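First, one chain by itself in C-alpha cells, the form predicted on its own.
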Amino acid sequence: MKENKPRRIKNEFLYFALRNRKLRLGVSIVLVFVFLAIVGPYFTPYDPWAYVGPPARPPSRTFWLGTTMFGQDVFTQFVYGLRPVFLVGILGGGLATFIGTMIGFLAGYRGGWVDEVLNTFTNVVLVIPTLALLLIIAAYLGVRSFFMQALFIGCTAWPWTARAVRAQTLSLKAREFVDLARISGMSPWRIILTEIAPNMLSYLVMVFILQFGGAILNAATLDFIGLGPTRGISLGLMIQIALLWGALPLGMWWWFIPPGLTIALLVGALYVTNVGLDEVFNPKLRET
C-alpha cells in the first residue's frame, strides 16, 4: 500500500492538472516563449546590434518584425532578448525563494530569540523600497551584467517569502509527525528538510513562480529606465531604446510592442499558472 500511495498521488495530480484550463493556458504560453528563446536565434543569421537593412522598415518577409531606426533586425533582438528574461527570472526568483525559504524555516522552527532576530531583520528589509534600492545599486555600478541584476533582485525580493514560509512552519512544527521525529533524535535541519519541507512542496513551487514573475518585472523596470546591463540585449532594453529614439511618435509600433506585449503575456501566464496550480493542489478549488 505504501508503494502505491506516491503513484496514486502522482496520477491524481496529473489528472487534475491536465483538466485545469488555467494551468494548461499558462504553461502553454510560457513554453512557447521558452521554445522561442532556445531555437529563435537559429532562425536568424544576424547579430542583434548589426546594421542589416534599411532603417525604420515595417515587418516584411525579409525582416519578420521590421527594423529599428538604425536598420537592425527587430526579430533578432527579440529572440536574443528572451534568453536574459528567463535567466534573470530563474536566477533572481530562485535566489529569492531560497533565501526566504531558509530564513522562514529557521525562524519558524527554532522560535524564541532566533525567530525574533530573523523576523525583525525580515521586517526591516521588507519596508525598504526595493525598487529604490535597486536603482541606487545599479546607478553606482560601472559595469552591469544580467547575472548581477539577478543577484540584486534575488537578495531584495525574499522578505515576503520568509514571512509566508515562517507562518507555514509554525503550523507544521506542532504536528504529531514532527514531534515523533524530534523524539527519535533527528537534527533540526533534518526535520525541516525531511518532514516539514515535503509537506510544503506545492506551496514552495507556487512561491517560486510568483518570484519568477516578480524578478522579470523588476528587471524590465531597471532596463526601461536605463539601469539595466551595460552589455547584451533584453526585452526591457529594446523598449527603452525604442522609446528613447522616438519609436512611439514615429509610429514604429513593431519596435516596442512585441517586447512589451511579451513581458506582459509571460508574467500574466506565470500568475495564471500559479492560480491553476493552487486549484490543482487544493481539493476545495479543483475543477470537476
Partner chain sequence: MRRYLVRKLTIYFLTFFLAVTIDWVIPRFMPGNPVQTMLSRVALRAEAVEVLRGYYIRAFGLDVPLWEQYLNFWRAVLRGDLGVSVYLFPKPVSRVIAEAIPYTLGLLVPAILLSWWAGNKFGAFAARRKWLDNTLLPLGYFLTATPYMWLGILLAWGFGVALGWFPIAGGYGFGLTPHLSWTFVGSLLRHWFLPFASLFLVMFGGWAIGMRNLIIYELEADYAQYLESLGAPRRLIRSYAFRNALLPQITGLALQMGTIAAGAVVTETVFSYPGIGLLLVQAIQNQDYFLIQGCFLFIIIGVLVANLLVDLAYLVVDPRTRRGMVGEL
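As the structure is a computational prediction, the values presented were derived from the model and not from experiment. Residue numbers count along the first chain shown, from 1.
Only in words, not in the display: the form predicted in complex with the partner chain, which the text now covers.
**Q** Under a 4.5 angstroms heavy atom criterion, identify the one residue in L131, V114, L201, L180 near the partner chain in the predicted complex.
**A** The residue from L131, V114, L201, L180 that makes the contact is L131.
**Q** Could you spot which one of L193, A174, I136, V205 gets a heavy atom to within 4.5 Å of the partner chain in the predicted complex?
**A** Only one listed residue qualifies here, and that residue is I136.
**Q** Based on heavy atom distances of 4.5 Å or less, which listed stretch (61-69, 48-56, 254-262, 30-38) is in contact with the partner chain in the predicted complex?
**A** Of the options given, it is 254-262.
**Q** Give a yes or no for A17: in the predicted complex, does one of its heavy atoms lie within 4.5 Å of a heavy atom belonging to the partner chain?
**A** A17: no contact with the partner chain in the predicted complex.
**Q** According to a 4.5 angstroms non-hydrogen atom cut-off, is W245 in contact with the partner chain in the predicted complex?
**A** So W245 does not count as contacting the partner chain.
**Q** Any chance V280 has a heavy atom within 4.5 Å of the partner chain in the predicted complex?
**A** Heavy-atom contact with the partner chain at 4.5 Å: absent for V280.
**Q** Are any of the heavy atoms in R24 no more than 4.5 Å from a heavy atom of the partner chain in the predicted complex?
**A** Outside the cut-off, so no.
**Q** Counting only non-hydrogen atoms and a 4.5 Å cut-off, give the residues of 215-237 close to the partner chain in the predicted complex.
**A** Contacting residues: L217, A220, T221, F224, I225, L227.
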